[in-house]
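Consider the single chain below, provided in structure tokens and representing the form predicted alone.
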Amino acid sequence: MYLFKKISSLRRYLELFRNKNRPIGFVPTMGALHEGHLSLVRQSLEAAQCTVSSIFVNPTQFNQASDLEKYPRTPTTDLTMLYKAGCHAVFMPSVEEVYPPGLETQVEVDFGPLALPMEGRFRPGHFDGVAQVVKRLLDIVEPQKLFMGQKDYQQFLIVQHMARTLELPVEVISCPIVREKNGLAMSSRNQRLSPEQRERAAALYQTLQQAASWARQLSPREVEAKAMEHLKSLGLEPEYFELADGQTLQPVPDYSSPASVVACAAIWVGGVRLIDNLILK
């Protein structure tokens, strides 16, 4: 495995694969890696002949400076995990390397209704930062395939929309959520939870599963209200629980008309914000 901190040296390495028309897979991360990230790397290794992973804590997608400061950073452990997983190259740049002075990196794409609900409502400007860094990294790596986790469902749709709108030559692939034994979706933020908080947080996935059964008798809005009350009754702080169209993310009026339905939720546990989702249809 090769480690690159400069764009120029990474591109020289990747040119060896491009010259032989060997597809490149890309897994962008912010570090603090876990089995969920490694599952993306493995899927890239199966689908491409060169797998690149980036470790970059992107400052433009954090709404609060304190959240950026608290974000876990474990570079030595991360590199060991990627090496053992068989990753070919790691890009670990500085902020100045990604956003050099004088380079315009803002993405001019109208995400429309996709960016308005859920994460867009509670984290204004978040997706502008996500689009900015993903577009920048795609310009640097130029992969044929981009692997993203389903846990960030709205983020996946946003990036997919950006790639289509800008006609980027990359396939954006969503990969299944990897969960801890108690059902909690694996997340770098889980490192900030105590063992007791981890067990409490597992109620989020359990509630998503219950929502699937509640949907057999209740309307979408009734399911949402019941789920919010259930999470509150368990001592959690739910931010939202929404049943949305799996393509547009707009509230579903019923379960029959949309082609897909996904239940998306966000909660706070001990000052840590967690998100999860479950595809119901």
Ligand code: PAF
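What you see is a predicted model, and the numbers here were worked out from it, not measured in a lab. The first residue of the sequence shown is number 1, and the count goes up from there.
Below, we refer to the form predicted in complex with the named molecule, which is not included among the displayed structures.
Undergrad: Is the gap between Ser174 and the named molecule in the predicted complex 4.5 Å or less for some heavy atom pair?
TA: Although the named molecule is absent here, Ser174 would stay clear of it in the predicted complex, with no heavy atoms inside 4.5 Å.
Undergrad: Can you work out whether Val107 and the named molecule are in contact in the predicted complex, taking contact to mean some heavy atom pair no more than 4.5 Å apart?
TA: Contact with the named molecule, no.
Undergrad: So in the predicted complex, does Val130 come within 4.5 Å of the named molecule, heavy atom to heavy atom?
TA: Yes, Val130 is a contact residue.
Undergrad: Does any heavy atom of Gln155 come within 4.5 Å of a heavy atom of the named molecule in the predicted complex?
TA: Although the named molecule is absent here, Gln155 would touch it in the predicted complex, with heavy atoms inside 4.5 Å.
Undergrad: Within 4.5 Å of the named molecule in the predicted complex, heavy atoms considered, which of Ala211, Val141, Val170, Met148?
TA: The option sitting close enough to the partner is Met148.
Undergrad: Identify which of Met30, Cys50, Leu38, Leu236 has a heavy atom within 4.5 Å of the named molecule in the predicted complex; exactly one of them does.
TA: If I apply the 4.5 Å criterion carefully, the residue I get is Met30.
Undergrad: Counting any heavy atom within 4.5 Å as contact, can you tell me which stretch out of 84 to 92, 130 to 138, 199 to 207, 175 to 183 lines the named molecule in the predicted complex?
TA: Within 4.5 Å of the partner lies stretch 130 to 138.
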